[in-house]
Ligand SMILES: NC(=O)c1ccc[n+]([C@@H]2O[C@H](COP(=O)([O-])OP(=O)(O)OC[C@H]3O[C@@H](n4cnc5c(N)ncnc54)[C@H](OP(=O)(O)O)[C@@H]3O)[C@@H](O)[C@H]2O)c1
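Before any questions on how it binds or moves, here is one chain, the form predicted alone, in structure tokens.
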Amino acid sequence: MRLRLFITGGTGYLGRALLRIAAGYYVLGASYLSQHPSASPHIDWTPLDVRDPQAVRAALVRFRPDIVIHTAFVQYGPDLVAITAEGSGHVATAAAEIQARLIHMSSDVIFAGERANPYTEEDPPDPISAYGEAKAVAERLVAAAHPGAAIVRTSLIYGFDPIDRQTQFALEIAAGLRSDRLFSDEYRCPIYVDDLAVALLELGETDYAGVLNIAGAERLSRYEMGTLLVRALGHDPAKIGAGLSADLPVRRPRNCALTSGRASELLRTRLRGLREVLAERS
């Protein structure tokens, strides 16, 4: 019997990858958007506003999923707290009520990024951005409502079909369509969207509870990441300039590298670095 999988943010970048890969599950994709992709034989759709706790509870009670993967968020705007923070609490509360396994997606930007060493699962959040603070609040709400949940901290997500927005941004700079620079002093552990999606599905069938870092194996600056991807996609990165986020008037997290050793021991899925992914595509 196929497990029942409920995915919030089903029209988002990670959500779409999960839906594409989850062929072995009976899936309900949820999205705030009124227009959904055409359903495949294993995927149904439901509209869902995670700001509404009654609507969240009704959707989960009706579908009765075995596993919930909560990917829905916004990064800025007036609904940042209501969706990214409080909405996560609503999903966690409903998942706990029906005893569903919950995978909650968090972020590396819950950290200030002002130290040299990578962050581990034991490091407490110390966000310096509104988005980071919303994600940190979400972690606290999820842990309180659903102690058995896995809280996954990840990094920049990239992919090729379709191209992610970070890579598209770098391509537009390389093409001369933008005059922006990519920061050479901001470090992350970018992860290939398919690697992340497979890892999350695998994690969903474990009983791991608490924080787990799932990020790529390679620490790269935004500048290094952008130039590597642009070149791999057949374009010249010569027009991409390097800039320093330290020069900006607003503080940004700079070294948000995550150590994913615990996930590598727990999961069969290989969490590849960017250069390894590109080498295997060529």
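Since this is a predicted model, take the numbers as computed values, not measurements. When you see a residue number, it is the position in the sequence shown, counting from 1.
Keep in mind the form predicted in complex with this ligand is missing from the figure; the text below concerns it.
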Q: Would you mind picking out the stretch of 201-209, 104-112, 168-176, 141-149 that comes within 4.5 angstroms of this ligand in the model of the complex, counting non-hydrogen atoms?
A: 104-112
Q: Report the residue, out of 94, 182, 85, 156, that has at least one non-hydrogen atom within 4.5 angstroms of this ligand in the model of the complex.
A: 156
Q. Among 57, 51, 42, 252, which has at least one heavy atom within 4.5 Å of this ligand in the model of the complex?
A. 51
Q. Should residue 261 be classed as touching this ligand in the model of the complex when contacts are defined as heavy atoms within 4.5 Å?
A. no
(Q) Although the partner isn't part of this model, could you tell me whether residue 269 comes within 4.5 Å of this ligand in the model of the complex, counting any heavy atom of the residue? (A) no
Q) Would residue 32 count as a contact of this ligand in the model of the complex, using a 4.5 angstroms cut-off between non-hydrogen atoms? A) yes
Q: Tell me, yes or no, whether residue 192 is in contact with this ligand in the model of the complex, where a contact means a heavy atom of each within 4.5 Å.
A: no
Q: Go through 67-102 residue by residue and record those having a heavy atom within 4.5 Å of this ligand in the model of the complex; state none if no residue qualifies.
A: 71, 72, 73, 74, 83
